[in-house]
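First come two forms of one protein chain, each written alone as structure tokens, so that there is a structure 1 and a structure 2.
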Structure 1
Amino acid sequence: MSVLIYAENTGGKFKKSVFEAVSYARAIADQNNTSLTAVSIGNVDATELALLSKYGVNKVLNVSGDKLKEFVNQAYASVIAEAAKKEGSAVVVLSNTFSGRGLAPRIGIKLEAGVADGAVALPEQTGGSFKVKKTAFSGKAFATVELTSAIKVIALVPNSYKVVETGGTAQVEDFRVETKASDFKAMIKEIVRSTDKVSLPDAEIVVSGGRGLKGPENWGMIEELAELLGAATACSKPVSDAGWRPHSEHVGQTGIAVSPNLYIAVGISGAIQHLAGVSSSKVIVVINKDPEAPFFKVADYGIVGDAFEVLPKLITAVKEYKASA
């Protein structure tokens, strides 16, 4: 038995969420006194692959080639499943990203495995079964699922597990899989990324604005605070519907679900649909002039005040702190 981690790359580079998943998989491997193997798909150079060993990977299966250069859901699932079979892996771990959410059930079917997506904690192991705490109802609640199958697939929510450096050296091995034509029936033709912005699903800090900002012309305050904090910018659904901000920034039940370490909501009342997408945040700070705003009921910290008065003071305070640090 071994543990397999799928090391997802973006443009040939690994993000922090990958190292979180590797650390998580290493902990599971340690609990079972076994090894950890990573499978990397796409054209990733040796220097980048070597980074995985810092977090406890013993071996890396490197899969490259033009057909697999860009993400293909079914084909990637086939490769990961074959890697698991080769290594005799009883546990497969991946990040619960956009790609991971599509891969996990497909890998589960190919391996006849139980699947726990949206995991937020290490599994409790008893007699071969895993009890996994995971998000439920679009992040509004948590559930504990029990995996009793011989093989388990777990998708870890970004920012839910710490990165742990263990050191070591991993053996890198080229791995070739004969993919089928049926694996390429659905293809992604183009991926356009906002390379100058922090990705919302991966962000550790998110600064989000709502209708309380009164118009798109006032978004400079949100962007300035986000830049100072190294944060991603987001918005509520009414804001994106009104065209003030792009739909790619909409967080909530019908938008992007986020789980940052810090979520700052400015001028957002906190409707249940919005809360569904942000409730997994570790710390929530709310700024709203309405003391009865629903968001205050779930906030860790709240400021009752006008955003146009509070935000400039907050920006000044952050600048002063950074200057003195």
Structure 2
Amino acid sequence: MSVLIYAENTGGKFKKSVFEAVSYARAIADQNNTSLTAVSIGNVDATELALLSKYGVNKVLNVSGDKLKEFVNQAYASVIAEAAKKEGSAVVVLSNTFSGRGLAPRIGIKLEAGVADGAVALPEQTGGSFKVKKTAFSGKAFATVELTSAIKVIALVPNSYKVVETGGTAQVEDFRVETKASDFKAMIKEIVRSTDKVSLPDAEIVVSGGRGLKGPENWGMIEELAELLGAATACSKPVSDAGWRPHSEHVGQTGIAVSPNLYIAVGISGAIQHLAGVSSSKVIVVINKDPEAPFFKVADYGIVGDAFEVLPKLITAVKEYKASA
């Protein structure tokens, strides 16, 4: 057997979530005394591919060429499944990103494998059983799921496993797969990426605003604080429903679930549906003028005060901290 990790690139580069998934896959390989192979699809250069070995990859299967330059769900799933067959992989690891969520179920079917999506911890392997802890009920709980198939597919939630540098070198092999025309029915017309902003699902710090901010014109403070902290911006559902912010920023039970190291909630009451999507944040800071706001019950740090007074002061304090650091 071996473990296979799909190293997803973003415009030719690997993000931190990939190194987390590699470290996670390395630990699974160690649990089973086996090797770790990465498969990379698209045009990723040798220097970038070499980074994978830092986190314990033994071999890289590099699939390049124009046809597979951009993500095509069906075709990528076929390639990854073929890589798993070639390597005799018993476990296939992906990141639980937007693309990863498209791939994992298809790969699962191709390999007749059970799929653990939304994994947050290393599998527990005892006496032949294989159990994975995953998020459930939109962040309100965790479920431990036992996979009983010969091959297992795991999609790891970004920011839930620490990057571990092990060192080592990996050989890079060109890997060619015959693709079927029917795998390319979906055609990409356009890709829009805002490169200047931290993307919400893989942000380590998130600054989020709610209805307490009164209107879109007041988001300058949220954005300034976020920029200072290298954070992504987010919002509550009514804020995106009102069109103050885009839907892609809405976090919660019916929005994006995030698990950053630090979540700063400003003018958000802390309704159960909002908390569902943010409760696995490592540290929560709440700024709200109402001391009875439910959000304070799940916060680590809180400031009871008016956002319009507190935020400018907080921005100043962060600037001072950064200047002194």
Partner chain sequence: MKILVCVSNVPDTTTKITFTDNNTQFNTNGVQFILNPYDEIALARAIELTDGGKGTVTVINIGEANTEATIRKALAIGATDAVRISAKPHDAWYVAYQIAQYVKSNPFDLILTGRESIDYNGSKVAGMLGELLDLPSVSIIKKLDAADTEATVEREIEGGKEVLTIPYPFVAGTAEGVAEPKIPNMRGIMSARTKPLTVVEPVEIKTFSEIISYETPAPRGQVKLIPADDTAKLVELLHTEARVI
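Residue positions are counted from 1 along structure 1's sequence. Note that the rigid core is defined as the largest set of C-alphas that superpose within 1.5 Å between two forms. Everything numeric in this text was worked out from a predicted model, so none of it was measured.
Asker: Between 1 and 2, where do we have the form predicted in complex with the partner chain?
Answerer: The chain shown second - structure 2 - is the form that fits the description.
Asker: By the 2 angstroms cut-off, has the C-alpha of Ile272 moved between structure 1 and structure 2 once the rigid core is superposed?
Answerer: It does, since the Ile272 C-alpha is displaced 2 Å or more between structure 1 and structure 2 after the core fit.
Asker: So, does Ser129 move by 2 Å or more at the CA between structure 1 and structure 2, with the core held fixed?
Answerer: Yes, Ser129 moves 2 Å or more.
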